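As structure tokens, one chain now follows by itself in the form predicted alone.
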């Protein structure tokens, strides 16, 4: 006796959010890394001032990001990602004091420290969208902090070799409270994959993450243009 025919329906296990983020942002990530400013800086063809200018932009961006994140520490989905071990503002402020002197805040306020238009636009987006979208903030949290944690030590070594910048001026790239980055990043990815996000939320996070790389690339483009205009 033959068993009744049963139509088998094959279902694929949905990809983990961490895997989706990696694949969804791959092209934008490569475009940002391949920008002229980054390629020249990492290739050693610029100077220490170019690295300092990048740190200047980073301070403005991270002040906006960490201010926005601070309003969501108790959020059930976003809150667990917010970790003081990742915070970059204090490190960047130490770098500013090292490179610009004790009056660096005044220099920043009056324009002696130049902030390019794309950086201001990025900070404004973080302030505006950060009030209303935890998906937006998580996407930028992922792109910024995981990128810094992954590449920080490598970048620090390269700019030290090329431009002779002391450790005291590269605090941004150091994470003294995270002894082993790989286990930390593994835990972060696990948190991404186990936090209960709806499909709509996941799609928003993916799109915002790709957009984050584009906002970063725009900063690099402006920095390159500013250097060429000043030459």
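Only a predicted model underlies this, so the values are computations on that prediction, with no experimental measurement involved. Positions refer to the first chain, counted from 1.
Only in words, not in the display: the form predicted together with protoporphyrin IX containing FE, which the text now covers.
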> Exactly one stretch in 106 to 114, 79 to 87, 92 to 100, 140 to 148 has heavy atoms within 4.5 Å of protoporphyrin IX containing FE in the predicted complex; which is it?
Replying inline: 140 to 148
>> Only one of 193, 33, 203, 47 gets a heavy atom within 4.5 Å of protoporphyrin IX containing FE in the predicted complex. Which one?
In response: 33
>> At 4.5 Å by heavy atoms, is each residue in 75, 123 and 172 next to protoporphyrin IX containing FE in the predicted complex?
In response: no
> Hey, in the predicted complex, is residue 42 touching protoporphyrin IX containing FE, heavy atoms inside 4.5 Å?
Replying inline: yes
> Contact between residue 52 and protoporphyrin IX containing FE in the predicted complex at 4.5 Å, heavy atoms?
Replying inline: no
> How about residue 63: is it within 4.5 Å of protoporphyrin IX containing FE in the predicted complex, going by heavy atoms?
Replying inline: no
> Just to confirm, residue 189 within 4.5 Å of protoporphyrin IX containing FE in the predicted complex by heavy atoms?
Replying inline: yes
>> At 4.5 Å, heavy atom to heavy atom, what parts of 211 to 227 sit next to protoporphyrin IX containing FE in the predicted complex? List them in sequence order, or say none.
In response: 213, 216, 220
